[in-house]
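Only one chain is shown below, in structure tokens, and it's the form predicted on its own.
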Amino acid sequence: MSFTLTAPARATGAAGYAEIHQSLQGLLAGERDLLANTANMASLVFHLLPDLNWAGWYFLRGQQLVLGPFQGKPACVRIDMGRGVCGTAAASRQSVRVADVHEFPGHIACDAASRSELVVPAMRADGGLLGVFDLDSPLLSRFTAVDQQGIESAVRALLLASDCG
């Protein structure tokens, strides 16, 4: 597979997410392996979105989320369902956008520099939870509705392109 990164050095706004989506489609083309695809998505998002200090996946294993492919500092390995931002998004099966993680009840501080967070659940075709895609930023209120929509779209594209069995 030949791939050229087409997105700008740092993507912003709806146009930036269109570029990220195009680049992600190039990375996913012809590859069905979930581990490879989630690793590439984490790297792509981490390197293209400004003001991130962590981007990565947690996969559901029993009643816990277990660390998957990511970019950034070492992270918490296991998160209980319903605990912290990731566990809350996983339990509710809804995206969670937090302007100030220090005001979020039960926030898990893997990196003390993180100030805001966006977590998007990844749902299998059968309706079951695969896991969550998590973004952290050292800036307060970093994530907007545009970011949420862009990442939700990217997660859907990844799931359609991958074997999630």
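Heads up: residue numbers just count along the shown sequence, starting at 1. Keep in mind that this is a model prediction, so the values were computed, not measured.
Form predicted in complex with a small molecule: not shown, discussed below.
Chemist: I'd like to know if Ile108 sits close to the small molecule in the predicted bound form, meaning any non-hydrogen atom pair within 4.5 angstroms.
Modeler: It does: once the small molecule is placed as it appears in the predicted bound form, Ile108 has a heavy atom within 4.5 Å of it.
Chemist: Taking the small molecule as it sits in the predicted bound form, is Ala75 near enough to touch it, meaning that at least one heavy atom pair lies within 4.5 angstroms?
Modeler: Contact with the small molecule, yes.
Chemist: Please run the contact check for Phe133 against the small molecule in the predicted bound form: heavy atoms, 4.5 angstroms, yes or no?
Modeler: Close contact is absent here: in the predicted bound form, Phe133 is far from the small molecule, nothing within 4.5 Å, heavy atoms only.
Chemist: Verify the contact flag for Cys86: yes if a non-hydrogen atom of it lies within 4.5 Å of a non-hydrogen atom of the small molecule in the predicted bound form, no if not.
Modeler: Yes, Cys86 sits close enough to the small molecule in the predicted bound form that at least one of its heavy atoms falls within 4.5 Å.
Chemist: If we take heavy atoms and a 4.5 Å cut-off, which stretch out of 25-33, 123-131, 39-47, 110-118 is in contact with the small molecule in the predicted bound form?
Modeler: Answer to the contact question: 110-118.
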